[in-house]
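Only one chain comes next, encoded as structure tokens, the form predicted alone.
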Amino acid sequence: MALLTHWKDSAPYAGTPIAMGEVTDPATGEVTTTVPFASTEDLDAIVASARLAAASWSTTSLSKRTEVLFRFRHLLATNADRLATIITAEHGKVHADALGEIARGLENVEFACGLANQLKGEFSSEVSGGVDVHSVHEALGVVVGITPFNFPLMVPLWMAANAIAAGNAFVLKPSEKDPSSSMALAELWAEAGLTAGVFNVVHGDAAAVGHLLTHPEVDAISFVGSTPVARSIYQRGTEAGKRVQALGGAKNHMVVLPDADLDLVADAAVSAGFGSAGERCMAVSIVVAVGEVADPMIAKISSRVAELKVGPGADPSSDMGPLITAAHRDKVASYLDTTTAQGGVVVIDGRDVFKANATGGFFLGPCLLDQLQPGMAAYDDEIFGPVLGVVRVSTFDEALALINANPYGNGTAIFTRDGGAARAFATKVSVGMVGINVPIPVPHASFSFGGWKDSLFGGHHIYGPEGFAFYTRSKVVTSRWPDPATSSVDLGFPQTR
């Protein structure tokens, strides 16, 4: 059984853990790794190291930082298969999906390699007689990333790439359920030549998070997770004077109009609903069928689900792997009984998969529910599993109103051949990321990722230009170099005329 450590000063750091956690292979139920939960002393030591490193790294030239970023990008690409194997072993997603996660993380590193352009300030000359004004973007100092289990490598890269490029030191607190890929990242940063102490990893649970939220040497917190925790992180962090971005949960709706290509719709719904066993914040969990499209659409979705193979993520023939834990699998499965009790219809019952499974893994097959409505648990809750629900409405306006009334606003999509309807939807829907015939509208790294309403707390989206904005603060310098002979006392309010 493997034993993890923390990462400090570009080396493993054992510390003095207050407890040990267990990491399980979701495909077998076997405990494969133990992970230390940091003590207060461990946390303080790692933050202190990061503070020292930040002072040095923030004054490192942009060309040197760019060199390190490009080397890290190369190492990330050349180690992709090994990293994907680590992800699959602890999260359970199939290997191809893990490679896709790495590719999206790599995209963010590539964007951060353009740091010299992203960190440029502005300049105006002669705003007044002999007076010039310029702005600069300075690093915050020590920033903390608290990341979820579902993307154990991609989300840390969303945060760390921009934070480090901007001149900060970064402390990563990964999910204790699948932490090994974070340690692999730390090794790659060190191999790339990153200054010791700039990238750190600390393991722990809610107690560690609470200490970091109020630590006087931490300047900013970036979080991705569920809405209740995101709200708490934002409130506690801002009360402690930190800059905080906290991305919460989702209930992503996909609207299908009567003119849509139903084969395209069925492929998209199955891919976006059941990829990574539904453990994605951008997964489609509700299909809103407009008019008479529901029955033929459900038939096509069902035919595709029948062809899917659920099995270990390391098996190349598997289309979908297990869920992260047995407890989570059981909670997700419970929504099927709840749906029946509340008047919905279970079209496909994925529980047959885990009832037949003999490996001890946390498997649940794709589940398809029909006749859902607001007020039903399967509609209201973020299930975070392979459960796709169908809501039937009569009109486009009814579909739009349904989405806008939902407390979440992460992602949404519409499938149609009608350009006017698509444009109206994109304009009027109250959601941060919109797809038109695209089921998972995750933006390219040159844009920024983030939802609205209860899906985001804080003023900055993550990665892209807003990522750099979050990890920097602007300073404006007004300068004049006068002839001493022209100097005089003037108590009037300064004017730029």
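Start at 1 with the first residue shown and count on from there. Not measured: the values here are computed from a predicted model.
Below, we refer to the form predicted in complex with nicotinamide-adenine-dinucleotide, which is not included among the displayed structures.
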Worksheet, complete the sentence: If we test each of Gly344, Gly361, Pro179, Pro148 for a heavy atom within 4.5 Å of nicotinamide-adenine-dinucleotide in the predicted bound form, the one that passes is Pro148
Worksheet item: Only one of Val390, Val265, Cys281, Val201 has a non-hydrogen atom within 4.5 angstroms of nicotinamide-adenine-dinucleotide in the predicted bound form; which is it?
Response: Cys281
Worksheet item: Val224 near nicotinamide-adenine-dinucleotide in the predicted bound form, any heavy atom under 4.5 Å?
Response: yes
Worksheet item: If you check in the predicted bound form, is Val229 within 4.5 Å of nicotinamide-adenine-dinucleotide, heavy atoms only?
Response: yes
Worksheet entry | Heavy atom of Arg329 within 4.5 Å of nicotinamide-adenine-dinucleotide in the predicted bound form | no
Worksheet entry | Partner contact for Lys242 in the predicted bound form: nicotinamide-adenine-dinucleotide, 4.5 angstroms, heavy atom | no
Discussion item. Quick check for you: of 447-455, 27-35, 467-475, 64-72, which stretch puts a non-hydrogen atom within 4.5 Å of nicotinamide-adenine-dinucleotide in the predicted bound form?
Written reply: 447-455
Discussion item. In the predicted bound form, does each of Tyr13, Arg82 and Ile102 have a heavy atom within 4.5 Å of nicotinamide-adenine-dinucleotide?
Written reply: no
Worksheet, complete the sentence: Looking in the predicted bound form, the residues of 408-422 with a heavy atom no more than 4.5 Å from nicotinamide-adenine-dinucleotide, listed in order, are Asn410
